[in-house]
Structures are given as C-alpha cells and as structure tokens.
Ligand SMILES: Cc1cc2nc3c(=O)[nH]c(=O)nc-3n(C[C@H](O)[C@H](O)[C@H](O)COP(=O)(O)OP(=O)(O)OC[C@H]3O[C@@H](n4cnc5c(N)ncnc54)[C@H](O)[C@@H]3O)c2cc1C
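Here's a solo chain for you in structure tokens, the form predicted alone.
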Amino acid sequence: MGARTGKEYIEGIKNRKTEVWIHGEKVDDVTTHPAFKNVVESVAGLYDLQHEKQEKMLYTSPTSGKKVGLSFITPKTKEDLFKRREMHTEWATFSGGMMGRSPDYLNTSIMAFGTANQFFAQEGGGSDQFAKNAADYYEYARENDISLTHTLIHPQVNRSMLTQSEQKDPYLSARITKKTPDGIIVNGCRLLATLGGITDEIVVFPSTINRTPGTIDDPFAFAFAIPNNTPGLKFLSRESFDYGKSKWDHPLGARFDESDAIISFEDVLVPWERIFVCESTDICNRTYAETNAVIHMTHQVISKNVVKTEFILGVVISMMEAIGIDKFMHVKEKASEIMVILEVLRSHLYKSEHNAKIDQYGNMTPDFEPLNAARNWFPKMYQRMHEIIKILGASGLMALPTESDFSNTDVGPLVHRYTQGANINGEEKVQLFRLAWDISISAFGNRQALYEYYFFGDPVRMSNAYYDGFDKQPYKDMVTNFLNKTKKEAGIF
C-alpha cells in the first residue's frame, strides 16, 4: 500500500467502526461526529501533506520498493536523522506544534522496537516469537502507513506506594487474566490514549512503574499492538474541547483537539503474534532504554517542541507589535525569554544529531544526553511561555468579540472601531488575540499546558531519574582536586 492519503486514512477509520464513547453516548462514526470530525480532517491533512511534499516526507521502502512515510525510516547515517527531523518539522508546522501525538511520534518507537527485536527474545519473559512479532509489526505498520495511538499508564487510584496487585481492586488496572492457545485475555483499564478512537490501532506500551520482577505484579507487565476495533476494546473519551465553534473563533480547538481516552479491556483477546512482552516486569522496565525507543521518540518530540516554540514566539511578537508595546524594555525582556528557549532547544537538537552514533542494532541513534536534558527542561519552560502570553495579552484576551459580531450590521462597525490596535485593524487584531487566547486560556490551551508538563511523565520522577543517571564523579573530582591543591599550597597535608 505505501504512504496513505488523507482520504485513505479517513476511509480506514470509518470502516473500522471502533467502539468510542463520548458525552455518555456511543459514537456511530468518528469521521462525522462533531467531537472528532475536525481533528480527523486535520490528521488527514498530515497524510495529504506527505504526498504534497514527497521529497521531504517519503522514502523508498527497503522491502516493497513503495514510497512510505519517512518517520518510519531506520536511520543509518546522520543525514537520515536530518531528513527525519525535517519530516517531523513539516508535520509539526501544520499545527503550530499543537498536535503532540501526530503519527510520527509512535512511528519512531515502532521502528526502534522492530530493529531491536532481539531484545524481546531474551530469557525471563521473552521469546523468539516475540522478537519476530516486533520485527513483523514494524514492517506491517510501515508498509500500510498504520496510524497509532498508545496507552501506558495505570489508573490513578491509590498511588501511595502500592503496586497494582495491592490495589483495593487488583483487577482495575489492565492485566492478563488468562492464557489460551490463541493468545492472552486482558481485562481492566489503561490511560491515556491521545488520538484514541481516531487511529487504526493501539500499541499497549509496557508500563515502567511495575515493581519487583517475578512477582504477582507480572500479569500487569506486557506490551502488544491490536486493531482499535478488537472485540471488547472500548475508548472512553474525555469531553471534547472542540465546541463546534468556527475556526475563526477557535482557531486551534476547532482543528487540533486530539482527544484523550480511557481504554477499557473486557475479555480482549490479544493474539500471540501481536505480543512483544508477556508477564515480565523486568523486560518492561528496560524496554524503552535498551531498544533506544525513548531516544528516537524524544528526537521527534524535541523537533516538535522547536516548532511549537517558534509558533508561540511568532504570536507573542505579533501581539506586541499589534498594540504598540514592542518598545518597552520589560516587554522585550519577556519575548527574549522565548527566544532563548528556542535557541537552547535548537542547540540541544543540533548536538543530539551531530553527536549521533551507530547503536548496537546498527541504527544511527541521536545522542541522548542533550535530548534528555531538553525533555526535562521544556515542560517547565512551556508553562512560562503560556504565562507570558497571558501577561502581555492582559484584558485583550478577555474582551474578544466573535466572528458573528464583526459580520453583524448593527454592532460590526463598533467592534471594528473599538478593538483596533496600533498597527492593525479591529478584525485582524481580534483574530490574532483569539489565537493567543486559544493557546493560553481556553480549555484547549490549558490542556496543552498540562499535557506538556506531563508529556514524558511526572517531572519529579523524571528529574530524579536524570539525577540518578547523571555521571556526577567528574564534577566531584574537580572539587576534590581544587581543595587538595588549596591544602597543598597552604602547607596542609
């Protein structure tokens, strides 16, 4: 099949008839339902963009010879990484970086799993079958341009140092309840599938917070991929932040509300040929790091974050000029904060690519250190950018007429006059400020802030993991050597 068009993507999810629930109702067709149709069209736009810019977004499959999505590429050179980043950039630019789970995010992880497939064959829960499954699934997803959502997190019930098996209801979190000749039976729940219900398949990622390998928590430790319309699989979507308003009034929410869903498993049969990990907390805990999936996924994320920061910077500068505050020192200082954030992100991305090396699987893999620093830093910086828009927009983010106000013959001339800026007419200024509003204080914008803060997980856990993994000895040695030198110069031995 090769790279799909937007029409083919829409037809694919329309024909699947995945069981999706929202607002207390079962969705008959996600491609036409008010909560999903606009974001479905946006995802379709991503697939169409692949064909509009084939030289940047497609490459020739090594097996079929067809043109496939560049996000699936197995990078062998630094140039491959540069090309993949350019592809990530094109897709991120389409939404101003506001689609955090565009398909290329998971495509990179599936590539990493597939090319590191022997990791899944090791003793202690692995098998040659699981290794073959990972390799086969990578090829299947690449050759058919499969769109993916994923779920990772256990339900947020009682996190006071209890394992899943110790919860009041040990069958709440998704777990293996039976093994059959055809596969495993899974029951329970997982969070939080972004783009849930509007993709072809779901990858159930290994949770990394299971504890004590080889214990009663192992039934919660697995990884697999199944079609979204698998019997017993339900997507329970949160309230939509696409309120059915015009794209003029809600320029982001009416286009890019990705939706997030609770995933319910009710006697779901997962065939053996779709399983990568089965009842192995140890393998689950090591999967991301030892397949290098986390590195390739983070490369995509930081590429997206560069675009998102560029977009926000453009909005902030435009706001400043629109109302004539671009000459004030404290205003320029705030804009320069975003400029610094942008340049730091670019530097981290540049270093990660130019220091890339061939890994144990033969893949050119970015240097993780700068990427890891960036993914720990950006969630906090995004909150600051979010705040800067609100500070500079002030009451202008509240006094916002709608498209209908401007088109009304009675009040239209008034709102045109009363909302004008220093260098911009009323309609243009309001349209700009509605974009800023949708980034900063709308339901869509606040979801973005929360989403970015927890993108890779709890920032405290991440910072602790970063600290524990950091090579601290050279810096301690610097201090020790300096103090020893000081003692020697002082005649103290």
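What you are looking at is a predicted structure, and each value in this text was computed from that prediction instead of being measured. For every residue, the number given is its place in the sequence shown, counted from 1.
Although it is not shown, the form predicted in complex with the ligand is what the next lines describe.
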Q.
I'd like to check something about E201: if you look in the model of the complex, is any of its heavy atoms closer than or equal to 4.5 Å to a heavy atom of the ligand?
A. no
(Q) Is Y59 near the ligand? Define near as a heavy atom within 4.5 Å, in the model of the complex. (A) no
Q: Mark G457 yes when one of its heavy atoms lies within 4.5 Å of a heavy atom of the ligand in the model of the complex, and no otherwise.
A: yes
Q) Would I185 count as a contact of the ligand in the model of the complex, using a 4.5 angstroms cut-off between non-hydrogen atoms? A) no
Q) Quick one: which of 458 to 466, 434 to 442, 28 to 36, 47 to 55 gets within 4.5 Å of the ligand in the model of the complex, going by heavy atoms? A) 458 to 466
Q: Check each of S303, T151, N363, S102 and return the one that places a heavy atom within 4.5 angstroms of the ligand in the model of the complex.
A: T151
Q: Could you spot which one of A335, L269, I325, L192 gets a heavy atom to within 4.5 Å of the ligand in the model of the complex?
A: L192
